[in-house]
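Presented below, as structure tokens, is a lone chain in the form predicted on its own.
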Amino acid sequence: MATDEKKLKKIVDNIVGLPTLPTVLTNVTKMMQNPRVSAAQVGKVIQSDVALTSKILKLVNSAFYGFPNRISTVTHAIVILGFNAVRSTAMSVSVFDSFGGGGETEGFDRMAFWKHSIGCGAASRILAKRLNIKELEEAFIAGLLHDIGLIILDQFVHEEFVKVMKQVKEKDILIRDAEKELLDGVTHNDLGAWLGRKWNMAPALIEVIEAYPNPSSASDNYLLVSIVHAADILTRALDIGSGGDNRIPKINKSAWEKLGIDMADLPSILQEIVDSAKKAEAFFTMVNK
């Protein structure tokens, strides 16, 4: 085991009471490994959880998705959006149920954090659409959960997190830099990736969480990592919520070039992000339940 993994293990071994994914979502993930599984079969399993079903339908019928006709069943949602999109939406619901809501940590506003996360998800979806990527909802969920490790720090490693936030405020530095100083090199990205593995998230999503601050460290999912990297920076520049500090990280040149965005298109992209983040308020109201 590498030294960094030992340091991470030292932190996570002290985490008690971490929520688990609903059994329904675990079963759906297993079912989707079978290429012959039908929308009706998956829909039936999800609909056995009434609360989860209600929230999924609320989201897919929100202005964010913009479907002209109401989607009345999970099976219909799967047919319209696809298996991965519905599973990703169910994952977001589960995360909000487990970690949503406000917090009292000085210097860290959870509501502002979630607003930033939702904005980053919306921005990731927009960038993915411009690149003609089919799995738009996976890009949204990747952006939405990119900083989930911050919530783990706040909720389960609270004393150390308070020190991190104090350091961020006093030195006006990126939260990752404060974490590296005070957590022996471990960052919230490491913790978020750990949660992703524990929850059996898709490998692409785990790599985004772990590598988006430094896309050059990505391997199999460089494009998606680059999308979320850029989306996070653009969301910060637009001052949508808060990523936990007041800094805007320097964009990775090769990641930006990979996206191939014409600078002349940037103003329209930024406006689209603002508009889309507003439409994504259905997610925010779920957090603020």
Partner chain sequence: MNSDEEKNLQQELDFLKSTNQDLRRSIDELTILQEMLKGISGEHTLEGIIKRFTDIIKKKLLVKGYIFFEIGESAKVKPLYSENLTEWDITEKYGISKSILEWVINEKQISNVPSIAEEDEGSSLLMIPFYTSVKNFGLISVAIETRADDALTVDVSETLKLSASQVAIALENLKLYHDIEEDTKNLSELKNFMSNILDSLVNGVITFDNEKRITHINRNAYIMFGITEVDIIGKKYEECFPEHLSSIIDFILKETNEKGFVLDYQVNYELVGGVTIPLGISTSILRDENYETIGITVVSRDMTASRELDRLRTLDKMKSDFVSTVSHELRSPLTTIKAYLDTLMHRVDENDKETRAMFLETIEKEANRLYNLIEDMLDLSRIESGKIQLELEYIDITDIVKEVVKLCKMQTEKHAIHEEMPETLPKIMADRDRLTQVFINLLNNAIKYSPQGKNIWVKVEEKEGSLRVSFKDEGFGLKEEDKYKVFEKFYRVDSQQTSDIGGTGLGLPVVKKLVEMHHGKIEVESEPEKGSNFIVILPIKES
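Positions refer to the first chain, counted from 1. The structure displayed is predicted, hence computed values, not measured ones.
Although it is not shown, the form predicted in complex with the partner chain is what the next lines describe.
Asker: Are all three of 30, 40 and 67 close to the partner chain in the model of the complex, meaning a heavy atom of each within 4.5 Å?
Answerer: Yes: 30, 40 and 67 each sit within 4.5 Å of the partner chain in the model of the complex.
Asker: So which of 100, 107, 82, 185 gets a non-hydrogen atom within 4.5 Å of the partner chain in the model of the complex?
Answerer: Spelling it out, the residue with a heavy atom inside the cut-off is 82.
Asker: Please determine whether residue 125 contacts the partner chain in the model of the complex, using a 4.5 Å cut-off between heavy atoms.
Answerer: Yes, residue 125 sits close enough to the partner chain in the model of the complex that at least one of its heavy atoms falls within 4.5 Å.
Asker: Whether residue 94 contacts the partner chain in the model of the complex should be assessed with a 4.5 Å heavy atom distance threshold; does it?
Answerer: Residue 94: no, not in contact with the partner chain in the model of the complex.
Asker: Find out whether any non-hydrogen atom of residue 178 is located within 4.5 angstroms of the partner chain in the model of the complex, and reply yes or no.
Answerer: Outside the cut-off, so no.
Asker: Is residue 167 close enough to touch the partner chain in the model of the complex, meaning at least one heavy atom pair within 4.5 Å?
Answerer: Taking the distances in the model of the complex, the answer for residue 167 is no, it never comes within 4.5 Å of the partner chain.
Asker: Want to guess which of 190-198, 69-77, 213-221, 151-159 is within 4.5 Å of the partner chain in the model of the complex, heavy atoms only?
Answerer: Of the options given, it is 69-77.
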